[in-house]
Structures are given as C-alpha cells and as structure tokens.
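Listed next as structure tokens is one chain, alone, in the form predicted alone.
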Amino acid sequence: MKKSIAVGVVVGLAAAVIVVNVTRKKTSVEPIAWYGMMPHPYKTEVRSGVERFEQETGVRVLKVVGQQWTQDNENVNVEALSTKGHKAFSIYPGDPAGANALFAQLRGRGQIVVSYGAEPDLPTPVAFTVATDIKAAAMTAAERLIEMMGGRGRILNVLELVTDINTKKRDDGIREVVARYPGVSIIQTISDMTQVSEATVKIQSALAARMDEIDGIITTGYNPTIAAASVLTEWHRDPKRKQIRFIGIDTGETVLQAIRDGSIDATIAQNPPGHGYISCLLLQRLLDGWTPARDYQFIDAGIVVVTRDNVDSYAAEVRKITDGIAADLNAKYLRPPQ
C-alpha cells in the first residue's frame, strides 16, 4: 500500500517548502520533480496536468511549491531538491536570465530540465519550453477588444506583476496592436497587483477617475481579471452607465459567470494543465532515452478565446489541444532511442 503524505518539509532550506499530495514509499525517490514558485491559481491548474500525467503513466512526480515569486527563492529550493536524487525537473523560470544559471547547474549534474509557463532567455540550457505564446495571446486579446469597441476608443491597460517575465511581453503585444489603429489609444496603464483585493481597488480607482473616458479594459493576469470581472459586474448593473468592453485572461469562476450573464465580453483561456502534462511527458521520454529533435524547441500549449458562445464547452477545446500536442511529441519534437 502507498502512503499519502499531505505535507513534507525539505531539509536544509532556510524556509519551508510546501510539498503537496506526494505519494511515495519512504525508501524511493520520484524520478521527476515539478516546481511551482508559490501558491497561485495558475500553479494549481498546472499541477492538475501533472496529476493527470501521473494517473495515465504511473510515473510518480514530487510536487513542490515555494514561498516567493522570485528567482532567488526558486534557486534555494531547487538546489536543495537537486541533491535528493531526482533525475528530471519541470520548472517555471522565475527570471529569464537567472533561471538559465539554475538550469545550467542542474544540467551539469546530469539532471534533465524542461521549462514551463514562460520562456527563459535564449540561448538556454534547456531543450524545451512548454508555455503559452504570451505575446501572441495578448495580441489576440487586444485585437478582440478593439473589434468589440468598433475600431475606436480608449483602453485601460491592466497588468499584473511587472516582475513576472511574461508581463512585459504581454504589454509589448498590446501596444503593438494598438499602434495599428489610429482611432485607438491606451489612456492609462495600471500594474503591480499581487492580490485580487489590490487589483479591485486599483481598477475601481481608475474607473472613478476616468469613467467617461474609458471605452475598453484589457487585463492580462489572473488577479486583475478576477477583479475586473467583479467590478464590471457591479458597474453594468446600472443601465445609466456606459457599456465598457472587456477581455481578460484565465478562467476563474467569477470570470466565467460574468461572461454567462453578459457583464463582461470575453477572456483568454490558457492551457495550464497542458503546461504540466506535456512538460512531464517530455521528461519521461527523455528519461527513456529519446532525444530532442533540435537543440531548443518552444512548444506553444495554445489558447482558446472564451465568450458566451463557448463558456461551457471551452475546457474540452483546451484538452483537445493538449491531446494533439501529446500525440505529436515523438514525431515532431523527439528522436527515438538509438
């Protein structure tokens, strides 16, 4: 019988590392370790893909979550894990340059790494990144918002963490699209929101200050998207207020319900379960002797635009994308063992 350990402590760390749902025998070590930077809804969804991988393959994965969204915290935690006998790691790069130093260290020890969720600086020691094409997703969102605005108007650009390596790419993509439309402008950019409550206050303040000027809102992070959905649900209850078009990212229940009742227009569903599932599937193949088809490959895990038309069926679309990538791994991204 296997024993379930709810919480474990990684010895030798300055601060505890949260270990969740680890199933193992005391005398064995999981071949693959998955690392999430800190508790966050995105990491929870990624972990669900890791769990699917475990269920389908029977390969056990150590699942570890750190305390801070920083490269320094990741370095300390992962370096400690690397001494425990794990052969392969699925890791979100906390910093595009700093992560490469960690990846190179692991590779020098003969350990395999696949990056997920964000792309490290290139060139990189890792052979694969499994992630959303961040800039392309933000550009898709911006195009949809401008279309909903009728090709004209002023946008409130709501970013999440400027320290996250994906935020600048999203901002760059939005600005690139806006520059194509002479009748469209970004009236204000607000950022640095680590909690839904913080994002709510900042969005409410922006609306109160410029309610007659804002025609559309775009959010490209989970917390501001949840906050904006709640704020706009309340805003649009008053028929005297102007209709503000909106598109966000991610699919919390608050967002989905706001789409269902017409309070907001749309959101971008990423594929976090695919980030976890595919990264672990790659690690399994590499451990089994398969080799990368090229020195480095970015695997776009895909997006789905969620509107009222597909709000109750988009998850199946996302799963289909994951299954398609998984089916193509051997032929498209790998070479068989010699």
Partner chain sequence: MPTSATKRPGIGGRTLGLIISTTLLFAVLSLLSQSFLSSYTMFVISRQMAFYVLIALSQAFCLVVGQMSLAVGAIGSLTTIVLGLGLETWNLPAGAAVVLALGVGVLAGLLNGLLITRLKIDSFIVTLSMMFIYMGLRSGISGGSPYKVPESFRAVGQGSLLGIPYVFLLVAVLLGLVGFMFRSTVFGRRLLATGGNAAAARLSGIETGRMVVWAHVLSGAFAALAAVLWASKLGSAAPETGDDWLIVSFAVAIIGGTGLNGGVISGLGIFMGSAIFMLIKHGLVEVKANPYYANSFLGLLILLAIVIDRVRQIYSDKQKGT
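Quantities reported herein were computed from a predicted structural model and do not represent experimental measurements. Numbering follows the first chain given and starts at 1. Here the rigid core means the biggest group of C-alpha atoms that line up within 1.5 Å when the two forms are laid on top of each other.
FYI, the form predicted together with its partner chain isn't displayed, but the following is about it.
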Inset, instruction - Pick the stretch from 306-314, 34-42, 292-300, 278-286 whose residues have a heavy atom within 4.5 Å of its partner chain in the predicted complex. - result: 34-42
Inset, instruction - Using heavy atoms and a 4.5 Å cut-off, decide whether L207, M211 and R237 all contact its partner chain in the predicted complex. - result: yes
Legend entry - Residue contact check: Y222 to its partner chain in the predicted complex, 4.5 Å heavy atom: yes
Inset, instruction - May I ask you to check whether T129 falls inside a 4.5 Å heavy atom distance of its partner chain in the predicted complex? - result: no
Inset, instruction - Examine M148 and determine whether its closest non-hydrogen atom to its partner chain in the predicted complex is within 4.5 angstroms. - result: no
Legend entry - Touches its partner chain in the predicted complex: I187 (any heavy atom, 4.5 Å): yes
Legend entry - Heavy atom within 4.5 Å of its partner chain in the predicted complex - residue from R144, K135, K202, K87: K202
Legend entry - The unique member of M139, L81, V196, A118 whose heavy atoms fall within 4.5 Å of its partner chain in the predicted complex: V196
Inset, instruction - Classify A80 as shifted (yes) or not shifted (no) between the shown form and the other one, where shifted means its C-alpha moves by 2 Å or more with the rigid core superposed. - result: no
Inset, instruction - Classify R210 as shifted (yes) or not shifted (no) between the shown form and the other one, where shifted means its C-alpha moves by 2 Å or more with the rigid core superposed. - result: yes
Legend entry - Core-aligned CA displacement of A127 at least 2 Å between the shown form and the other one: no
